[in-house]
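One chain comes next, on its own, written out as structure tokens in the form predicted on its own.
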Amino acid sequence: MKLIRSLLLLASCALLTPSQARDTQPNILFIFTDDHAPSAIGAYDAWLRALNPTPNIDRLAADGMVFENSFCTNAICGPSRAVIQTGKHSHKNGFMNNGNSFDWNQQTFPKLLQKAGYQTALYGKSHLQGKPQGFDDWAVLPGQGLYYNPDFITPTGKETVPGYCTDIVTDKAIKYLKERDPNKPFMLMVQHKAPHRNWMPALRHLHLYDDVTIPEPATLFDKWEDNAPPARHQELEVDRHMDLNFDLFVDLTPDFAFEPSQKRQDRSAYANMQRMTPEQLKAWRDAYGPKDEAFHKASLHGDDLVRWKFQRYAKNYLRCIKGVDESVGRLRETLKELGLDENTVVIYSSDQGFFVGHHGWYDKRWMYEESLKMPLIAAWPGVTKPGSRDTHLVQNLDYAETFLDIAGAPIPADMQGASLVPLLKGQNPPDWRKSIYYHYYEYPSVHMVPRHYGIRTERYKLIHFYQFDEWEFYDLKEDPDELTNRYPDPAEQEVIADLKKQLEDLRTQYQDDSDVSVKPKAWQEEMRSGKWEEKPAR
């Protein structure tokens, strides 16, 4: 079916004159962030709506469509980007975890857009290693990149740019919009580092939210009593694993001499401080110094300490998001100034969701909703109904096909997703997927979340932590916070058996031949060796 549709699209494009082709090929502005949870977007969730965290992203939503059931295939930075580039699951594109190297020689959608007459550009975080291919211009951060005075890898070499990363990436994108070839449609990818750990806000936002209390998620003090063992043997708790100094900046300066509280500690904020100018450092310590002093005087313990850590973390996270939101506003304003706003599809997304204290955690990786769900908002003038909301099950697996379909370019038959264009037009395709497939591979690694795969339907979720043969099953209609694992429930066995069959069908459909063998003894050995820690009583 995909092959027939692609041939028809190719034939129709061949009949158009160059002028007609340009008229039917809208520009595409893809704004992509790192770790932006839908719950931290006003258009998605009432949890933080009173704080108005994302007015510009909310305006984009008002002008277009919000996808309410948007999911990732593998909740971690590099793999999510690889899926978007290729339209293929991790096991097919070869980038299964952040330790892999992406094969840029393979088929990617930017290369296909170039063949369709598009000029392409990428600025910001790539996280796929190597020099990007398929782009006429690019400047990418090495690895995770830095928030302050970051380095960029460009076609002509390495450059260090003074300033704040989100602003710099936006500046590069705006410069491109003003200087590009006006006779060709463009695909511009603006990929921010924010709001990735270590959540370092711009100087202008250091005091944002100082006078408010961030609402705590209802599951902040979840004890994971009903989960399979993996939930109790991880390293991403606000309580035990969020470091006061390296993650929350308490007393942190370039000459800080203390060791972190855990061996797999992210020290990027401390490293970034070595790159700050004296003026930046002064503004930073002027903002955090008095707050740190108040923290020490309070001498907090137990739940009170967890609550303080959550407030410091959530405010820094939202401050980083404020910079991203301002970027969205600047980019859309530039489109308007240049007369490009009526013929440009603007899409906002992030590589996965994020735990902002939900279940007592930070980070992502899990197949639980806060990690699995990713934001997707699209405004296509004249095509997408303003203020519309879609509830179909969609994934980042669909982005490449969507970009190609918007451009009127053929969609290769070996891509594994489906174009979202019919949904953007308000249609309800009768053959749309009824379930999504997920597979996470990165273990043992940072945060120690074990490998797992699973299926999510409109109502149910089944997860298999296959290394240790542990299962979880949730009824999302009755238990949206996933607090009750009903896998052992005799009343659910018929549903679970059907989901297991569907799960194996999905693995066959997507040709996932990854090693999912059970190794229960390894679990016991790792616990004995101390790699996994039991959670102490609070």
Ligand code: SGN
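Numbers for residues come from their place in the sequence shown, where the first is 1. Since this is a predicted model, take the numbers as computed values, not measurements.
Quick note: we don't show the form predicted together with this ligand, though the next part is all about it.
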Contacting member of Lys88, His439, Arg319, Arg365, with respect to this ligand in the predicted bound form [4.5 Å, heavy atom]: Arg365
Answer key, this ligand contact in the predicted bound form at 4.5 Å (heavy atoms) among Gln106, Asn98, Gln280, Gln311: the residue is Asn98
Quick one: find which of 34 to 42, 476 to 484, 53 to 61, 505 to 513 has residues within 4.5 Å of this ligand in the predicted bound form by heavy atom distance. 34 to 42
Ser435 within 4.5 Å of this ligand in the predicted bound form, heavy atoms: no
Is there any non-hydrogen atom of Gln234 lying within 4.5 Å of this ligand in the predicted bound form? no
I'd like to know whether Ile76 contacts this ligand in the predicted bound form, with contact meaning heavy atoms within 4.5 angstroms. yes
Is there a heavy atom of Tyr399 no more than 4.5 Å from a heavy atom of this ligand in the predicted bound form? no
Residues within 4.5 Å of this ligand in the predicted bound form, restricted to 107 to 131 and counted by heavy atom: Lys125, His127
